[in-house]
Ligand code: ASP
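Take a look at this one chain, the form predicted alone, written out in structure tokens.
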């Protein structure tokens, strides 16, 4: 039985965040959650620098801080490699137990560094704090957080340091939240303790209009609506993970992205629910994103039957694979077959095909069908480039400009997906950077 101090992730209790608490409206009694990523805690010297920064803020009166840390840079990858050295297909429970250990080291080192700065702190792993998740290993979702120990720390003047990326099931099995899981941990904790905002500290100044390594003219976006931030995160921007933005939007928790290694006064990105007026005056396109982790899967000569299509995608979903863009062609006159294509991540390509083939052999293959084998083709030389902006709603011609720009650059489009505030094009991976540069010039640099 969960105690009353447990916060359950259900949005109905948090309408008051729709006003968006900002710095100017906060007192030093306002809870704040700060998350430090792998680069921020990548070495012991960086951990000590972060501890000094936290100590300065604490001594300045900001005593209700909770710190969330990731594993040190590269540690999770090392742990994943170790697991796969002993078993190419490790049991889910063993995999999560291994890869979650990187955060345990970071939490201990940060608590020790804060102690050296004269700040009392207490380290917490997920099971110690009570970060309860479902049992979907490697992609677990947070169900509730027990805030009792956090509140107790604050009452004693202690800074809680919490391991990101990990959770625990009701049966006390360790789970991990997937890529970017520490961001999700931080935003969820901020919601649970009713923080003024969640601060994501990383190695860049904030979210840019495009990856500065690809487009030198990229601009820092200082104010972003949740809607734009979620689209950009989902479409390949690496600064924030989609799930943390999704949580922030659902509970109206402002998210601030800033650089760990620059002074406090530097420019940063603030993600919140912007007023309608600000959205109306927003630029047509806020940013251009690139996702290189794209694989295209095609099922050929499928019987034209909606039940087969729904069955295939149900099987793929049950295997835990996320499907992105989907296209299909109508049968030619006199034909009873169609082609169906969709995109997913390269790492999930084989899993998706295996799930589809299993469904086909179990439910479809037989003498009454056109063939006993599911015909599949794959393409992994793909990338997805997207333009995103709330201003697209009130500015016609964005699609035309997007397609003209790519055409003039000699770039063919393989697949297209649109929404009110984004246009995504799947293209040949070799044109990825030139596509970003051309679209950024067409929309953002004007």
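Numbering follows the first chain given and starts at 1. None of the values given here were measured: they were computed from a predicted structure.
Below, we refer to the form predicted in complex with this ligand, which is not included among the displayed structures.
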Out of the stretches listed (352-360, 306-314, 71-79, 107-115), which one is close to this ligand in the predicted bound form, meaning heavy atoms within 4.5 Å? 71-79
Go through 254, 181, 123, 130 and name the one with a heavy atom inside 4.5 Å of this ligand in the predicted bound form. 181
In the predicted bound form, which residues of 428-446 put a heavy atom within 4.5 Å of this ligand? none
